[in-house]
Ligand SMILES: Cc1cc2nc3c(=O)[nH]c(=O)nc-3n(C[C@H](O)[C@H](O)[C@H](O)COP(=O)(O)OP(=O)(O)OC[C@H]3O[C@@H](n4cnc5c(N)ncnc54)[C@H](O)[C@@H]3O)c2cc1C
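Take a look at this single chain, the form predicted on its own, given in structure tokens.
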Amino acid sequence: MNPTKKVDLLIAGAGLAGCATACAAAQLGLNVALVESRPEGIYGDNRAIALGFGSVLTLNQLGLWSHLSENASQVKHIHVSRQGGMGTVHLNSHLLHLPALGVVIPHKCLQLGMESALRQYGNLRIIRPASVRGLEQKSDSVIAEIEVHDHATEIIHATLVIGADGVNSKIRRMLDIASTIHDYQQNALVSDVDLACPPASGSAYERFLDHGSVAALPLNPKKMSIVWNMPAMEAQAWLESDSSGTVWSKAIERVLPQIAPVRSATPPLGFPLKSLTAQRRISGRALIIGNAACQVHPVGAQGFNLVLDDVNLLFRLWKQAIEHNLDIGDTFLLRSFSIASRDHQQRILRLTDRLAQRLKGDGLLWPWLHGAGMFALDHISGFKTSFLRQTTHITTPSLPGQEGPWSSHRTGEGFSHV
């Protein structure tokens, strides 16, 4: 058994949520231990991640954007439509006087870029492959038992523990935090397509279908990432068929004629769609973030944006704590985080869940009603601006008793590298 070590922060999970949180803490001078079960070099699938403009500003503030910008594609215009129905919505960056609504970055590039950024901090240690085997809460710390790959055990005393270990979070179970899961009975099929002709620069597309939706996100001038949400049985049929050839490409062209013709498409990867909401975020000197706390339907592309909102909130709270010589695991501080995060999260969850439920719309009047709502959104500027401010994460969580953060300077500074 190794000697006991002391850190300010112990993070379980070195995925996107864990890396972003570790970077925020390390930048403030906190001593961080980051525990990850996967060996180095294993990064999972390469889904495209859509980031709102506010999330890009958060990444820039954390010193991460310079490690990510070269692999980012701007989204300046989003065209939303309904197959066989009236109403379209045009969302443009100029409505918010921004250089772009956001960016799209492949998951692998995000992960590699963040891990590259973490290497610059001498006050941050990554322990991998390893896992947290036990937690013991004390009044002034949490004692964590870490099992490393050779079955050795390391004991770490942490002022604060954060579980960022995904939807099947081991930390959430250790803390006895219950969660609510909703199964949408849908799968997302994800595929990259090469186009014969490039669409308008910076354009993304969202199209609502009778039982699902399909989105096309720019990766480069002639390549887009397709995310097609469909009933689980229909998705399974696609996954079991030979979907690497012209049949899959023609299906994409049929539902998204704006990007036709499709020259080639990668075989789709399938992901079951469920939402998860933890009943609470904190337990003693521990909290959970990312998919361990909240997983949302991808129709609004809000998942990692919500994570970055939480990281931004923690960064501001930790900065205040350090300035006033306070404990980063202080009960009042953690409750402040929980309240602010919950209120902001619930607004976004209501939006994405409403959109997800509408994908199941049935009946003769449904296409007309949905189209009428889209027509109203496109023609009432106040609604559209408010919608964009939420979905681009220009509006971030407010601390209790304070005005909204960055209200005067959530601008395009630092975004020009894209």
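When you see a residue number, it is the position in the sequence shown, counting from 1. What you see is a predicted model; the values in this text were computed from it and never measured.
Heads up, the form predicted in complex with this ligand isn't pictured, but that's what we're talking about next.
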> So, A50, S131 and A164: all three within 4.5 Å of this ligand in the predicted bound form by heavy atoms, or not?
Replying inline: yes
> Would V190 show up as a contact with this ligand in the predicted bound form if we use heavy atoms at 4.5 Å?
Replying inline: yes
>> So in the predicted bound form, is this ligand close enough to V35 to count as touching (4.5 Å, heavy atoms)?
In response: yes
> Does at least one non-hydrogen atom of G303 fall within 4.5 angstroms of this ligand in the predicted bound form?
Replying inline: yes
>> Can you tell me if N291 lies within 4.5 angstroms of this ligand in the predicted bound form, counting non-hydrogen atoms only?
In response: yes
>> Quick check on this chain: which one of R280, R125, K223, H107 has a heavy atom within 4.5 Å of this ligand in the predicted bound form?
In response: H107
> Just one stretch in 134-142, 252-260, 165-173, 200-208 has heavy atoms within 4.5 Å of this ligand in the predicted bound form, so which one is it?
Replying inline: 165-173
